[in-house]
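Only one chain is given next, in structure tokens, and it is the form predicted alone.
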């Protein structure tokens, strides 16, 4: 048995967070699995729980000053039905877990869980998403790639809560998403990839590529992307081997129950090749 807090406001939640060594919990879909102790036993939480999923301040989706703001307590299923959420992000969310889980799991939970296989993360990395973190006195804004520091590790301080997920409202003409699992949906990710591109007259003006589940954190290299800006989409396909060699030291998957490292690495490189071919053949289309 552990203590639990259910504050009525965000301010009250931040006060409790400041005064108590507690564990924030929203949907709890991942935490309940991580803390499970077996049949007939309750989950083994070591700290008091701070329930935040019901707080209205954390439950909103709005467009403001060129950004889409998503409250961390927004359910995955709600993302699928909101017109402010891009179709390419919805595609990744739609392949996550089961419908009942999507009706309980939250976007903030998927971020704070910091799993390299987190299905929302490749898009958020590619989209340059930022996070707002607050304690009872201050707030700070941080890029998602700086927030997630390793598997199950984040820069969230003991007195802070994630209070906003901020995504630039940019429409990419070319979007591409691939997830490899045991089956198309409702399965844990072996490897995933989100690509976003802006192409003008056959030349790359903006290019984002993010790989999930193949390293301790999501892999995205701005240096590699920037080196490809200005290239014609026709030439990118011919540079595949060179691009692959640039990513090779960054793609470092592990062997686990889901898949072997060698399989994951090969899948990643095949997806990268497919994306470059897609850019050449389908400029401006969405898959």
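Positions refer to the first chain, counted from 1. Computed from a predicted model, the values in this text were never measured in an experiment.
Although not depicted, the form predicted in complex with a small molecule is the subject of the following passage.
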Problem set entry | Residue contact check: residue 30 to the small molecule in the predicted complex, 4.5 Å heavy atom | yes
Problem set entry | Touches the small molecule in the predicted complex: residue 88 (any heavy atom, 4.5 Å) | no
For this session: Mark residue 106 yes when one of its heavy atoms lies within 4.5 Å of a heavy atom of the small molecule in the predicted complex, and no otherwise.
Result: yes
Exercise. Could you tell me if residue 11 has a non-hydrogen atom within 4.5 Å of the small molecule in the predicted complex?
Worked result: no
Exercise. Thinking of 23, 97 and 117 as the candidate spot, does the small molecule come within 4.5 Å of a heavy atom on all of them in the predicted complex?
Worked result: yes
Exercise. The small molecule isn't shown here, but in the predicted complex, which of 137 to 145, 210 to 218, 196 to 204, 70 to 78 has heavy atoms within 4.5 Å of it?
Worked result: 70 to 78
For this session: May I ask you to choose, among 174, 126, 161, 131, the residue with a heavy atom within 4.5 Å of the small molecule in the predicted complex?
Result: 161
